[in-house]
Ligand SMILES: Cc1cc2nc3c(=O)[nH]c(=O)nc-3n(C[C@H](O)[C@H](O)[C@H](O)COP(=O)(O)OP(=O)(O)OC[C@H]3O[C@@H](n4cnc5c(N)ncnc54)[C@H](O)[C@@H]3O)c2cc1C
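Heads up, the chain below is alone and in the form predicted alone; it's given as structure tokens.
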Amino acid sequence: MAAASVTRLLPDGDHELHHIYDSRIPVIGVGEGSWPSLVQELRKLTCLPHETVQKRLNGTRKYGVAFEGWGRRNREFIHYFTPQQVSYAYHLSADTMSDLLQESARARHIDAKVLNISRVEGGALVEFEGMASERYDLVFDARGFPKELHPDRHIDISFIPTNTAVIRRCPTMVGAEGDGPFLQPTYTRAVARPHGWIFVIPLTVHTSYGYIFNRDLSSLAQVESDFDAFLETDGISEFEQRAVIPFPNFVHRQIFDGAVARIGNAAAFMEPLEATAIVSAQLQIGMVLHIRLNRPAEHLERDAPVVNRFLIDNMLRYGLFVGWHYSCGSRYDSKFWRHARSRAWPRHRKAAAPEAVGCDALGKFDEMIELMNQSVIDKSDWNRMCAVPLTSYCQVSQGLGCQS
């Protein structure tokens, strides 16, 4: 996405662009949901009609997230994109999206393992395995989340109570619609289960299932057993086991330093409950390129810390929004849900305290909660945002039963 964005914004080719990837790292197929902004973004990056893009992605049109068994009310509710039943995102195949964007990047594609990326005088240095190092003016680091968190480099958002995903691929549940794209409205299902929750993402070639849980509270065997039981109730008898992925929920303290921009899971990661990964990468890439291409170079030292703080603040707002989903528990009075509601979520005030993170994401989140709980919301506030719009907060709050 970064390489395709550079190609679009610098069409004259007066630069040398390298797209570096390691083909030995497989595409697992996590993060196959998105937000509506991606629909327009892919149209701009590929110069292809929306219908063609959707077909290439094996995609369906995602109109929101359907929650099952979350909150105090123990009922189903949908977090719609707004305008409701008009705005939609994509459910997409991760591997085909990568191919589509690579075609749109006018770059030299380099298949190599990157050993290290560091800022040096006048740019950044990339060190390779078995190749000479290269110096660049700007590097987008998309190598994924760290194996371990370090307090001096990472903000641990431990108020999100999950840390592992079991990914399975099952037969498709949507029917073909001839040669055109699949147009029926679809929703990502987020189903509360005793050990966490399960996502269900319908694509035209398969259905992605993922069980998101906490490995410190539940064993893999317990989760696999409950996963089997759930698939049986869904009428699924066969599946492909894709991966078991441990993950941290975190935000990097140095997303952008002027020469190196961490993007995607290298910048921040949080469980996929609200599909925040791709939309976060869009923001990170867009902000960095806007500054680098539209501001004089002599302002970079002053601009970079401002951009970095803005990106950290926005990622933490996403994290608070996701973690807040657990504040009202679920239909299950299990070890996981007691921990999520009573122990993990209450940590958010300390974890996101301004003195600990260097921004006031927590204050803005509190303001949004207070605004949402007013008996009458003034029209001037209808378009307020805290990473996501007020309408999202209201829908989720009412669905969970946590409004005062």
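So that there is no doubt, residue numbering starts at 1 and follows the sequence shown. Under this definition, the rigid core comprises the largest set of C-alpha atoms superposing within 1.5 Å between the forms. What you see is a predicted model, and the numbers here were worked out from it, not measured in a lab.
The following text describes the form predicted in complex with this ligand, which does not appear among the structures shown.
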Legend entry - Residue among 371, 48, 28, 356 with a heavy atom within 4.5 Å of this ligand in the predicted bound form: 28
Inset, instruction - Please pick, from 277, 107, 89, 190, the one residue with any non-hydrogen atom lying within 4.5 angstroms of this ligand in the predicted bound form. - result: 277
Legend entry - Triple contact flag 22, 33 and 114 to this ligand in the predicted bound form, non-hydrogen atom at 4.5 angstroms: yes
Inset, instruction - Look at the stretches 142-150, 322-330, 249-257, 291-299 and give the one with heavy atoms within 4.5 Å of this ligand in the predicted bound form. - result: 142-150
Inset, instruction - Classify residue 272 as contacting or not contacting this ligand in the predicted bound form by the rule of any non-hydrogen atom within 4.5 angstroms, answering yes or no. - result: yes
Inset, instruction - With heavy atoms only and a cut-off of 4.5 Å, decide whether residue 93 touches this ligand in the predicted bound form. - result: no
Inset, instruction - Would you check, heavy atoms only and a 4.5 Å threshold, whether residue 220 touches this ligand in the predicted bound form? - result: no
Inset, instruction - Report yes if any heavy atom of residue 212 sits within 4.5 Å of a heavy atom of this ligand in the predicted bound form; otherwise report no. - result: yes
Inset, instruction - Determine the residues of 159-173 with a heavy atom within 4.5 Å of this ligand in the predicted bound form and present them in sequence order; the list may be empty. - result: 165, 167
Legend entry - residue 23 C-alpha relocation of at least 2 Å between the shown form and the other one, rigid core basis: yes
